[in-house]
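Below sits a lone chain in C-alpha cells, taken as the form predicted alone.
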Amino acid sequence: MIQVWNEVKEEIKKTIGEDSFKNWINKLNFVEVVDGFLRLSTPSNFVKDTVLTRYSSMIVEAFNARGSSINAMLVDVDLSAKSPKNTSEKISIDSETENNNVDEISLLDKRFTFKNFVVGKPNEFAYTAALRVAESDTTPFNPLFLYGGVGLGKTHLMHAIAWEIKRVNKKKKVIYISAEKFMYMFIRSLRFKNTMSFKEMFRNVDVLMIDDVQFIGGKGATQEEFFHTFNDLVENNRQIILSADKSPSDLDGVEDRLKSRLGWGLVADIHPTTYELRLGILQSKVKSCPINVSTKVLEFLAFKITSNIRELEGALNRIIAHASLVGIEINIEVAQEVLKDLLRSNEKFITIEIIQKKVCEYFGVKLSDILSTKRHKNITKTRHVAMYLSKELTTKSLPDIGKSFGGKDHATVIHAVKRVKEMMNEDRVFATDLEILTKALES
C-alpha cells in the first residue's frame, strides 16, 4: 500500500504543482487503510486542516482509481513526528486505558479557547451560546448545534467549550471527537465484536461533542448507533454538542428522526466573515508575532483572503515563516509573491459589482448610498473611487460604468476619475488606500 501512496503523491504533484505539493501533500505520512478508511498523519494541525479542506477528495479518488475502496479519509496530528503511527489522537477502542479514561481520545488544541476567539457580528450568537453551555452546571440547550461553512470557527468553538468545561469542573468526563472518527471506531467495534465497550465509552460521559456530524450522512449503521447514543444521553440529562456545515434540516442522507432530534435544542449558525472580523482576527494573531507585520499588509490579506478563517490564518503564517527564514521585511509585494498560489486559486473575474462591494466595505459605506444621489463627503469619495477602479480594472465603457452607479452619465465618471487622480497626488494615505484596493482586486 505504501507503493500506492507514492503513486498517488506523484499524481497529485502533477495536478497541483511543485509548490503546493511541498507545502501540503509531502508533509503527510501514510498510516493504514482499514475498513474503508484511509489514515494519514502529519506533524501540523495547520497542514491537517488544509489537506482535509482542499485535497481529501483528490487523494481518495486517486486511491480508488488504483483499486482501493475508500469511503473517508482521516488525518491524525503526530506532534512527535517520530513515526506515522504515533498519533496525537488514540483511536483504538481495545485499550483498557481508553475505556477507563474517555478524555484520552479528546486531546484538544490549546490555541482554541474562548480567550483567543475573535468575536464579530457573523459569529456573536454562536459564541454566546457556546459560552453559556460551557459555563453552565445544567444543560441549558440539548443539543447545542453549531453550523456554518468550512473554516469559520466551528471547531475553535468546540475546543473552547471543552477547555472551559474542564476548567470549571475537572471531574466531568468529556469526549470531543470528529464524526468520521466516531464512525471509524464504531466500524472497528463491529469488526472486533467489541460493541459493548464502544457503547460504554460514549454513553458514560457528561459531555459528548461530535464535530462535522454531516459525515454520518448515508451511513445507516452509524446513524442507528448515534441515534441510540443521543437518546440515552439526553434521557440522562448529559450535554450533547454538535457541529456541521449545514443546519439539521438540511443535512443530506440523515434520517428524518435524527434530524428532528438534532434540532431539539439550540441551533446557532456562524455566518461568513466580514472584512472587520477578518482584520480583527489578523490583528489578534500578530500580537504575539516576533516579526512586524504592517497594518497595510493585514488589510490587504483581510480583503483578499475571504474564503474562510483557516486560509486567512494560514496565509499569515506562510508570510511570517518566509520573512523569518529569508530575513526580509514583510510588505504587500512580498505577500503577493509568497501567496501567489493561494491568491491564484481565489482569483475571480473582476466586475463593477465586485468593485462596488469591496470599495464600500473598505470605506464603511452602504452600497445603496453610492448608487443614490447623496453627496455626503464620504459617500462621494467612495463613489468616485469605485468609478475610478471600474474604469481601471474593467473593459466597460464610461456610459456603462455610469449606468451601473444609479444611472449616472459618462461626464460624472470622467469627473470622478480626475478627482481620484488629484487626491492620490495630494494625500499619501489616500494613495495607499487605492494601492491596497487595487492589489486586492487584481491579485
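The numbering used is simple: start at 1 and walk along the sequence shown. The shown structure was predicted, so the numbers you read here are calculated from the model rather than taken from an experiment.
What comes next is about the form predicted in complex with a small molecule, which is not displayed.
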Among 286 to 294, 228 to 236, 112 to 120, 321 to 329, which stretch has residues whose heavy atoms lie within 4.5 Å of the small molecule in the predicted bound form?
-> 112 to 120
The small molecule isn't shown here, but in the predicted bound form which of Val75, Ala302, Leu152, Leu144 has a heavy atom within 4.5 Å of it?
-> Leu152
Contact with the small molecule in the predicted bound form, heavy atom within 4.5 Å, among Lys181, Lys358, Arg310, Arg261 goes to Arg310
The small molecule contact in the predicted bound form: Ile281, any heavy atom under 4.5 Å = yes
